[in-house]
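For reference, the chain that follows is the form predicted on its own, supplied as structure tokens.
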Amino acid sequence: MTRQTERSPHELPLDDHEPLEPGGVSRRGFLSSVSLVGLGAAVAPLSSNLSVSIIPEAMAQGAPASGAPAQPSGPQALDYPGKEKGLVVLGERPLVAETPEHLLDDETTPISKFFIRNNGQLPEPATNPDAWKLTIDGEVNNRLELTLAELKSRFQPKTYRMVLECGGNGRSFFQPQARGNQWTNGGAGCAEWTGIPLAEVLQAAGLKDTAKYTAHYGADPHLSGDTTKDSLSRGMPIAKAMEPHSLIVYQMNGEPLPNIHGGPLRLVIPGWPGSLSHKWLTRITIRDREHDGQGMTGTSYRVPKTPMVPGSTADEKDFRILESMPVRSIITAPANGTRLPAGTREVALRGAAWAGDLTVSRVDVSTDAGQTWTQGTLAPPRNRYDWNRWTATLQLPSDGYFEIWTRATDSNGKMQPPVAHNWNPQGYGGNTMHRVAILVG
């Protein structure tokens, strides 16, 4: 088996020898030999009116319909110190990069493969991390100002392996296109986080009876450079803050937290949008009401209570804050575009699944567009909020082209849909079934 570098769910290089060009397109590949581009062009009038998640992967290669905007030349590979070249840049200001699914094949996601999501400018690395200060104020009896060294000495650290996921993960699957970085499934990773339980620090500060909500602040400057503006300031109900797995983190995979991932101090609030896990953390203010900071109002990190017409104008009064993330599963091996030897009749699959605050009850896979399903085997998580690694074996009837689908079901019985549903202007909750294409022979 030879794996090709996966660039996009809609770019399918199927070539067992030729390397990819920087744009992700093979110099000499399967598409040219069987004219799938031509086939894609033939179905373009139909495919332009369908969600991309139900168009066959090969057809998604085709030319755009007449009058459609020109497509970009291809995803750009990230070039950043300490990061794998295979990460894909979604935005440069602020820097945003996702991890293709096949690079998420490790049980613990290495720092080099972990996705990047910034909201403001990248602050300079701390010259003395232990002197970094965190303030706890607001609706507390005892205002705290603690250095990182004092946090480490005063409280007992915990280490958990937990999924961190961008709130917009899966945004590219919505039609019409939603605003924001066009994530596929790569806005997620599962690292080992070491830090102090947030609940213990809040208990030390002494929460007043009026304490209802947190408000988070960091050292990342606003993109405009305006010092009166926060790049982001989100918060959560006190109940979520008091969960034992909500951490003030200073280590990632046993190493000091890298600057690009919020070092020397950040929050990790598992199961909820990654924007709550504030990077370069400097202050947590406890409020007597729902926080209204940057990223908390309008349609930002909010989804409609009542389904809205896709592409229509939002009624902001009908929106609720996005909290627990939806169930999702991905195939991490084989990679999209893998070519297998002729005569292969069995393919071994690996992947990962997670479900926000809930747990994953099962993962199923299919090679016939969901007409029949085969149940995978789930490995138990190490702790709550860890992802479930899963495996499955599929039988193939012949040589040829196959698409492998995966869907996960959460502990409440909800499963991944075939298309992105509950359209919203910011594209949250796009947890469509993941698919990879393989060619046998």
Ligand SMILES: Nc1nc2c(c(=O)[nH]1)N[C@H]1C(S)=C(S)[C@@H](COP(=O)(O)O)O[C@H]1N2
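From 1 onward, residues are counted along the sequence shown. This is a predicted model, so every value here is computed, not measured.
Only in words, not in the display: the form predicted together with the ligand, which the text now covers.
Contact with the ligand in the predicted complex, defined as a heavy atom within 4.5 Å, holds for exactly one of Phe319, Tyr250, Trp280, Trp354, namely Trp280.
Of the residues given (Leu134, Ile260, Leu340, Leu349), Ile260 alone sits with a heavy atom within 4.5 Å of the ligand in the predicted complex. Stretch-level contact check against the ligand in the predicted complex with heavy atoms at 4.5 Å: of 108 to 116, 205 to 213, 332 to 340, 284 to 292, the positive one is 108 to 116. Although the partner is absent here, Arg302 is not a contact residue: none of its heavy atoms lies within 4.5 angstroms of the ligand in the predicted complex. In the predicted complex, Ser275 approaches the ligand with a heavy atom inside 4.5 Å. The ligand is not shown here, and in the predicted complex it never comes within 4.5 Å of any heavy atom of Glu192.
None of the heavy atoms of Pro75 is located within 4.5 Å of the ligand in the predicted complex. Contact annotation for the candidate site: Asp368, Ile404 and Arg407 all lie away from the ligand in the predicted complex (no heavy atom within 4.5 Å). In sequence order, Leu164, Cys166 are the residues of 154 to 187 having a heavy atom within 4.5 Å of the ligand in the predicted complex; the partner itself is omitted from this view.
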